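Quick heads-up: it's one chain on its own, the form predicted on its own, in structure tokens.
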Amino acid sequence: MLARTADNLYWLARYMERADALACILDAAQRLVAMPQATGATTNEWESAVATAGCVPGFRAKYDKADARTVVEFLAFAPENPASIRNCLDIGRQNARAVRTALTGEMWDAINGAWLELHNFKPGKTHGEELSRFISFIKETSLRFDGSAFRTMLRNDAYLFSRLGILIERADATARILDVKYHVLLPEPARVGGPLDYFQWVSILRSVSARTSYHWVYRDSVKPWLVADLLILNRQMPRSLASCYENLSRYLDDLAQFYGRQGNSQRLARGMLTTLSNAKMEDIFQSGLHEFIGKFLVENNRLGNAITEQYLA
């Protein structure tokens, strides 16, 4: 396969997964805003949404205040925000057009149909029930794209590059959501373990579609260290860091076998998988969840760069 084709497939998958992650972030913020403020604490859900998306400098350059209107406009529709949902779908569709013959008809229909339907949602008018409908539309688009790829693509190198893009982006999004909750979302006056803290952790589980899974696994009330355990170390959870790296390592090994040689990306993926396999949640909290996630994000970006250098350049 040409490196240019592999690059298009990889980034197509990343942008589709990124759109889904942004929809999850907006969903979590909307749910927290709707939560009764009986605790007396002042929350900052919309600021946390911008921080989770990694768009603080660009947002502050355009807006003075983070509220429902400005954050939804910036994260969902702003042309000047390269990571907005609109731009993710646009760039994803451009990548899909460039490799149209490498996609199945179902995958193209999912992407092209979503781009056409996106124009039914207007900036400045997407709030309340309309925002909920928009979030559901983006999530369903991601599920349709991911499901069509899983069910219709040949298990060849095209499929492998697509899965690598999804998994790198998914690991990044999960880590950022956890990190922002730990350091940004909970206001200092709020008591850790109090009602506000509880509902915020529940919102994090909802944002990654993990609330039901949490109760299946732990059969306990929502506790921060158990939520972190589910989203970092539990390989049964598809969005967990351990699950992402278990699959990244496997798909990279499949690529190495497909092309007859291994490289730096295989070594980095195995190294992170070993780190996650040997980690214990009590040690992570003792040494600092923020520090652990910060190191993970650096290594995840390093793996993305290694994949680019080894296969896509």
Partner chain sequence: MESQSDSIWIDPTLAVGMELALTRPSNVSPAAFDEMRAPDGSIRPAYSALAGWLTATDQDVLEYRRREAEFIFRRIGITFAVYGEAEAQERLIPFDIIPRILTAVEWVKLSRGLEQRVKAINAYIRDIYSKREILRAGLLPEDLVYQNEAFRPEMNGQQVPHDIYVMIAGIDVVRTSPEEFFVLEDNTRVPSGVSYMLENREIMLRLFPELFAEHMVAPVENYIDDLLATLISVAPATAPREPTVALLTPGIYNSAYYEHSFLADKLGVELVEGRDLFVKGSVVYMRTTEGPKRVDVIYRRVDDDFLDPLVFRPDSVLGIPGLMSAYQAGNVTLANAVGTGVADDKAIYSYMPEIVKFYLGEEPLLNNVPTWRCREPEHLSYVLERLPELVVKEVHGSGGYGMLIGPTSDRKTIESFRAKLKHNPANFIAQPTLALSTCPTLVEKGVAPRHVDLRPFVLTGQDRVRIVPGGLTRVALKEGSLVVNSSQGGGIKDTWVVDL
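What you see is a predicted model; the values in this text were computed from it and never measured. Positions refer to the first chain, counted from 1.
Absent from the display: the form predicted in complex with the partner chain. The rest refers to it.
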*Pick the stretch from 90-98, 239-247, 216-224, 134-142 whose residues have a heavy atom within 4.5 Å of the partner chain in the predicted complex.*
90-98
*the partner chain in the predicted complex: contacted by all of R60, V180 and F285, heavy atom 4.5 Å*: no
*Quick one: is E130 in contact with the partner chain in the predicted complex, heavy atoms, 4.5 Å cut-off?*
no
_Partner proximity in the predicted complex: G113 to the partner chain, non-hydrogen atom cutoff 4.5 Å_ = yes
*How about E80: is it within 4.5 Å of the partner chain in the predicted complex, going by heavy atoms?*
no
*Does the partner chain get within 4.5 angstroms of any non-hydrogen atom of F161 in the predicted complex?*
yes
*Let me know which residues along 235-269 have a heavy atom within 4.5 Å of the partner chain in the predicted complex, or say none if there are none.*
Y259, R261
